[in-house]
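Listed next as structure tokens is one chain, alone, in the form predicted alone.
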């Protein structure tokens, strides 16, 4: 598909998100189709972080509890409330999200988790109704649609125990075997959810996003050896199953966790949706052929002139435009329209030449 200048003549910036903005082009295929091609290293241009969408149906109790329902069907229900385990999440309007209020944890003794934690009946959720109500939303989307599973392995342990006790249980040699049992049970639960999504939504969606934050602004919560022992095997159990069904796996994990990226790869994730505080320049050089990362910063000043934006785009294309090492353009720093148009043009032409 040769580049045609008409593709950028009517480029426009949609106003669909205050945090992520990406220019829309008259491209020969949709951003969703282009991102699918990136897994084959045959993308027509450099995908954007905005090309991924989250599908968070209200039938999964964690989505309304976490105040994050994104679906085709209209939702007027409550935000906050009980998640799939009956854990109460308090909605915080200023944060536009929910949190378990600390100080009164459901689980105070990890050795008693089988007695205290009640697993949900996934089959009881209205899957048929959700599939019917959201089919058009999924089929007609031009964005790569991921079913979002909030509150992954470590975050789920935090929701049961509060942060301090959860971290201690994860690393204490006297309790970590109980944590492993719980992590394995959680993996089985996620596989059950994955199987229901595959059965009822089919391949109208593209993959799964799991949330599991591993760090703060100044570094990871735990050492690599803890992650490899306590989290990686149980994540890999799920990602292997997801891949067998023909879907992709996206880990949304915040914090400065550069040194845990090898663990992310070992756990079988295809994407890592991280924060811009990580050193993506180095990470891309080291792991760009093994993991699609979503936020290598553009470093283009907000007040840059059109010509300056084009110059930054050329530099960015040279650094991150290797077709065999796909990366996603960051939209958290809201790159300018001229930057995005020039980046699209440069790489559309470059990849077209590579196809000849």
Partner chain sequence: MDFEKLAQAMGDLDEDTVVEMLEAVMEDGGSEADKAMEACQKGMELVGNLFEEGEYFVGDLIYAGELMTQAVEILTPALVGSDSSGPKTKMILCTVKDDLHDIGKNIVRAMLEAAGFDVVDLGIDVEPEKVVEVAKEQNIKIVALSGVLTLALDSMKDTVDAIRKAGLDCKIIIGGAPVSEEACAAMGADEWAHSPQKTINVCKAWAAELA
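Residue numbers count along the first chain shown, from 1. What you see is a predicted model, and the numbers here were worked out from it, not measured in a lab.
The discussion below concerns the form predicted in complex with the partner chain, not included here.
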{"property": "Listed residue (85, 221, 280, 205) with a non-hydrogen atom within 4.5 angstroms of the partner chain in the predicted bound form", "result": "221"}
{"property": "Heavy atom within 4.5 Å of the partner chain in the predicted bound form - the one residue of 266, 128, 90, 181 that qualifies", "result": "90"}
{"property": "Location of the partner chain contact in the predicted bound form, chosen stretch of 101 to 109, 120 to 128, 69 to 77, 189 to 197 [non-hydrogen atom, 4.5 Å]", "result": "101 to 109"}
{"property": "Contact label in the predicted bound form: residue 228 to the partner chain, heavy atom within 4.5 Å", "result": "no"}
{"property": "Proximity of residue 132 to the partner chain in the predicted bound form, heavy atoms at 4.5 Å", "result": "no"}
{"property": "The partner chain contact at residue 217 in the predicted bound form, heavy atom, 4.5 Å", "result": "yes"}
{"property": "Heavy atom of residue 164 within 4.5 Å of the partner chain in the predicted bound form", "result": "yes"}
{"property": "In the predicted bound form: members of 163 to 182 within 4.5 Å of the partner chain, any heavy atom", "result": "163, 164, 167, 168, 171, 172, 173, 174"}
